[in-house]
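The chain below stands alone and is given as structure tokens, in the form predicted on its own.
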Amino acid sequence: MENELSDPTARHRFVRGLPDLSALLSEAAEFRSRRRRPFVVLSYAQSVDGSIAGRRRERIRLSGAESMHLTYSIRARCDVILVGIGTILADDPRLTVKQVDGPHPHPVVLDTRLRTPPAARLLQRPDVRPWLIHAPAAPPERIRRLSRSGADPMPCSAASDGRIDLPALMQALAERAVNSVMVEGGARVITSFLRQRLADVVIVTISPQLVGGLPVIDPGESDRTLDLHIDHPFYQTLGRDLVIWGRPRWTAA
């Protein structure tokens, strides 16, 4: 692991809202140069009981108006927004910035088998061609069809479990001059990034609901615990929601 003193973001131990996050992201290019991967902001909303969606992965409204405004503000500060194919199939999002001034981040979808529908709203955007990250064995016809529909399919090596190799993807994004990535979900994507220890800031919005739905940390993804702590957590109340900000710290492997 790189010496913390050589990491330009290491001196920012506290993350107490958007100004601190902006300071970190202002140094993301240097972070990418040193670490050969983008700076990763993991941001998601969950219920009090840790649910990120309904029991059948159906979408539920978790974030209030104030915390959604925060989400858009974070999006506008990152180069890329990354979600999994499950989010595309369940929510059909556009992954844009609303309510705040700032650019739209470039959309990236982890889509191992290229299941993104050609009619997905994300592919109808006139301003960008989303990167669909797929395994090398994806069917050529799906690649051609999605390319015609407005996407840029991008092959990436697969891990031993058959899913996208996240460290390899982070290196590929760094080679494309991506300095920062905002990871929004869904549950499998969040769990994978945490288990790979690929998060530099964690921002969790907690909605005052008990859902009994899909847990944000998928216990089936690994037989080991995360061993993750949030260093110097900062708690912010936005409307009805509680937002927790912090830098992740993992125990020694």
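Every value quoted in this text rests on a predicted model; they were computed, and no experiment measured them. In this text, residue numbers run from 1 along the sequence as written.
One more form of this protein exists, namely the form predicted together with a small molecule; it is left out here, but the text below deals with it.
Checked against the small molecule in the predicted complex, the residues Leu110, Ile74, Val178, Ala151 give one hit for a heavy atom within 4.5 Å, which is Leu110. Distance criterion of 4.5 Å from any heavy atom to the small molecule in the predicted complex singles out Val189 from the list Ala28, Val41, Leu70, Val189. The closest non-hydrogen atom of Glu58 lies within 4.5 Å of the small molecule in the predicted complex.
Taking non-hydrogen atoms only, Ala90 approaches the small molecule to within 4.5 angstroms in the predicted complex.
Contact check for Glu184: a heavy atom falls within 4.5 Å of the small molecule in the predicted complex. None of the heavy atoms of Glu66 is located within 4.5 Å of the small molecule in the predicted complex. In plain terms, the part of the chain that comes close to the small molecule in the predicted complex, with a heavy atom within 4.5 Å, is 90-98 out of 121-129, 90-98, 143-151, 170-178.
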